[in-house]
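Next comes just one chain, in structure tokens: the form predicted on its own.
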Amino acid sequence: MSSTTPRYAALAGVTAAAAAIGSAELVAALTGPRSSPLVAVGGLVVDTAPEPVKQLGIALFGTYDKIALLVGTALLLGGFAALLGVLAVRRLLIGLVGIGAFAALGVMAALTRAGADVADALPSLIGAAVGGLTLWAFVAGPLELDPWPWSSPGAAPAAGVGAYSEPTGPPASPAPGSAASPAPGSAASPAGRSVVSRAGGSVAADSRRRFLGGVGVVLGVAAVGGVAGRWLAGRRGVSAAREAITLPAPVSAARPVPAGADLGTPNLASYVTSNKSFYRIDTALVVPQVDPQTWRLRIHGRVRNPMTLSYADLLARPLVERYVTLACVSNEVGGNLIGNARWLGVPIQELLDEVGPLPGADQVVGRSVDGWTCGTPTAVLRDGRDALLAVGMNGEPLPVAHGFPVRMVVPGLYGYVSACKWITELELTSFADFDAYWVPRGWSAQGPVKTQSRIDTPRPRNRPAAGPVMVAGVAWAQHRGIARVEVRVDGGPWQQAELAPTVSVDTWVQWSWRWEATPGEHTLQVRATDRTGETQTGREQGVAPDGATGWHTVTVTVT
């Protein structure tokens, strides 16, 4: 096989894969974006990957972890397709079987997602058919390179100008030194075949041009198909429906943010996090598009009076507005997977009082439209805190990426046990009877937020000048509140920082401390004490199984 042949063969495989994905995306625009093979297989990876791998992904890519997963899946598919192309030149059946295997994986991944139906298998099946046809065209059909060197062991290509021709009888023994005798050191034709000469190589050049031209056309069509599929899927989204919604005024408005709650210090996180900047961590590779007109919330399970609510029913109920800080359990010490927003919604306690939980129903399972679940203690939802079925965020309907049309917001609990987005069910059950999504994956069944603090400024890359330096950050202990924040330098005595005012115990608080910095390298540490008197521990622990612990530490060089 010539040195260029493996590259052309790999290119044929990658082109076939691109055709398969592009056509599958077009079909998925009709059957739903979750049925896309890339998305379906990526979702399967999310559900089955070992927990350390998931945490590594979040640590490396943060809120871009899903994009990284999709790109990684595409790259792995490209490498697999390139290998299939090389193998298919030797035996086409191998390439077709490989495409069929990937199609089977896509079908299985799509059909095992929550709410799947038979139509979700179509993108993978049609994509595989298009990919297989494309591979055939480049390996054995009209676009094949002329010829692929011995494309199948023991099988001769079609005879013709520039093709191998099989001898009709025993090869004659040419006289030494004759024109038919191979030159010393030259390569004899494989399997006793002779090569018919090409007129000045023009046939080979025409073959390559035909092959590469076909590759360019197929890749272009595949790219257009993929982009068109994504665009059509977006057109089927609910952005227009969201923009048409006017939220009712709350019967109980949020307390105004007090003067001085936001210190305005450079690099310090703002007291209220914008919708655009609010972190997003969930398992949905494609944001669910839920039509508010057809959305329903079913409250059932171990209750006396099950109920079902529409979106209009929810908006017709008395709504309350509250500032609540949410935090992800995957937030490392000093991390940014946390944000504070103004939420509008229906108190969950009122709904639970109406359905009447039965004895022993100590868990409320929130279920998303994509099947994801979280388990929240029933007692927490009924202890008077502002746990909401939220419909609004910072004065507008929920952003689609943050759970539109309805999500849960519960102060004092990590999101994995409370913050169900795109919610469609509340099921009353017990912790003994049901484990929510993350529990079998090694996380605690109940996840109260730990008392934490963070240094936002100065940052490690900063080089402040000697003299007065403002050290500032945020601290949080939702539903308990922060009583004190302390800072120390180079392991010295703890110095009390000044706390900014805050709306309530359910939000974080900004803090500041003036440091008389001296030249050299220094280590700053911070700790907080909540209003129950518990001081943040310095013992370092990773995020699993119920949240990270330790003191946030920053090393800076003072000039």
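Counting begins at 1, following the sequence as shown. Fair warning: this is a prediction, and the values are worked out from it, not measured in the lab.
Not pictured, yet referred to below: the form predicted together with a small molecule.
Enquirer: Going by a heavy atom distance of 4.5 Å, is Gln478 a contact of the small molecule in the model of the complex?
Expert: No, Gln478 sits far enough from the small molecule in the model of the complex that none of its heavy atoms falls within 4.5 Å.
Enquirer: When the contact criterion is heavy atoms within 4.5 Å, does Ser368 count as touching the small molecule in the model of the complex?
Expert: Although the small molecule is absent here, Ser368 would touch it in the model of the complex, with heavy atoms inside 4.5 Å.
Enquirer: Given that the small molecule is not shown alongside this chain, does Tyr271 nevertheless sit within 4.5 Å of it in the model of the complex, heavy atom to heavy atom?
Expert: No.
Enquirer: Any of the heavy atoms of Leu135 lying within 4.5 Å of the small molecule in the model of the complex?
Expert: Because no heavy atom of Leu135 falls inside 4.5 Å of the small molecule in the model of the complex, the answer is no.
Enquirer: Using a 4.5 Å heavy atom cut-off, which stretch among 300-308, 281-289, 314-322, 207-215 contacts the small molecule in the model of the complex?
Expert: Selected stretch: 281-289.
Enquirer: Can you pick the one in Arg242, Arg484, Arg454, His402 that has a heavy atom within 4.5 Å of the small molecule in the model of the complex?
Expert: Checked against the cut-off, the match is His402.
Enquirer: Tell me, out of Val474, Cys328, Leu388, Leu84, which residue has a non-hydrogen atom within 4.5 angstroms of the small molecule in the model of the complex.
Expert: Result of the distance check: Cys328.
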